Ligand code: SAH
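Just one chain is shown here, as structure tokens, and it is the form predicted on its own.
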């Protein structure tokens, strides 16, 4: 299926929250776009870069709240591209990492809409870095796995094999895993990962409200609940947590993420 399109849709990564982590290209496109379609995990300081006269559409998804269905977002993007020359689809983090950017790019291409991706800094790397945790380290293994803890039920294939991951990767970086954290930790230990394995959780990494716990796999869920961590939270499991260098951790930006934040 194809439709006439006057403009290009840019799938832009907004980064983890700190506006200073925007790429130069992302900032330039935000400042010149005619229309903006954006998600929940974008602070006002980033949205303020968009021209006052630009058309803006919020399409965020939130656990327990009304969410804009993905087909509706796809339709909005096609419609806007027919009326504007520069449409920015702004997504938290990186648009191609658990952000449905691939689905949107394919939909736009099927409808004859030019589309370009603008990669962004993902929270799975940035949030641990703001604690001084490197997600890879020469002394902490040779692999790292990025995995989602929140899965759609209509995938048409089995969910994450946590027991398999327990012995197949030296480190795990888990997105949207807060809601299922107890189950995830139990499955990893059942798969052979030691209960004493180092673990960390970082809430709202890189921005005001950043909070964290350093624990072990066996005690992580209890530590997160005791600390009252909420979404969005990145979870890191593996020896890399023990390679933390506190002195290298940047100060979180003095900006606030939209509330309520959801999806783990």
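Numbering follows the first chain given and starts at 1. Keep in mind the model is a prediction, meaning the values are calculated, not measured.
As for the form predicted together with S-adenosyl-L-homocysteine (SAH), it is not shown, yet the points below apply to it.
Visitor: Just one stretch in 187-195, 159-167, 173-181, 70-78 has heavy atoms within 4.5 Å of S-adenosyl-L-homocysteine (SAH) in the model of the complex, so which one is it?
Guide: The contacting stretch here is 173-181.
Visitor: Residue 104: heavy atom within 4.5 Å of S-adenosyl-L-homocysteine (SAH) in the model of the complex?
Guide: No.
Visitor: So, residue 41 and S-adenosyl-L-homocysteine (SAH): in the model of the complex, are they within 4.5 Å at any heavy atom pair?
Guide: Yes, residue 41 lies within 4.5 Å of S-adenosyl-L-homocysteine (SAH) in the model of the complex.
Visitor: Answer for residue 204 alone: is it within 4.5 Å of S-adenosyl-L-homocysteine (SAH) in the model of the complex, judged on heavy atom distances?
Guide: Output for residue 204 is yes: heavy atoms within 4.5 Å of S-adenosyl-L-homocysteine (SAH).
Visitor: Does residue 133 reach S-adenosyl-L-homocysteine (SAH) in the model of the complex if we count a contact as any heavy atom within 4.5 Å?
Guide: Although S-adenosyl-L-homocysteine (SAH) is absent here, residue 133 would stay clear of it in the model of the complex, with no heavy atoms inside 4.5 Å.
Visitor: Taking heavy atoms and a 4.5 Å limit, what residues of 90-122 are near S-adenosyl-L-homocysteine (SAH) in the model of the complex?
Guide: Residues within 4.5 Å: 92, 93, 94, 97, 98, 99, 122.
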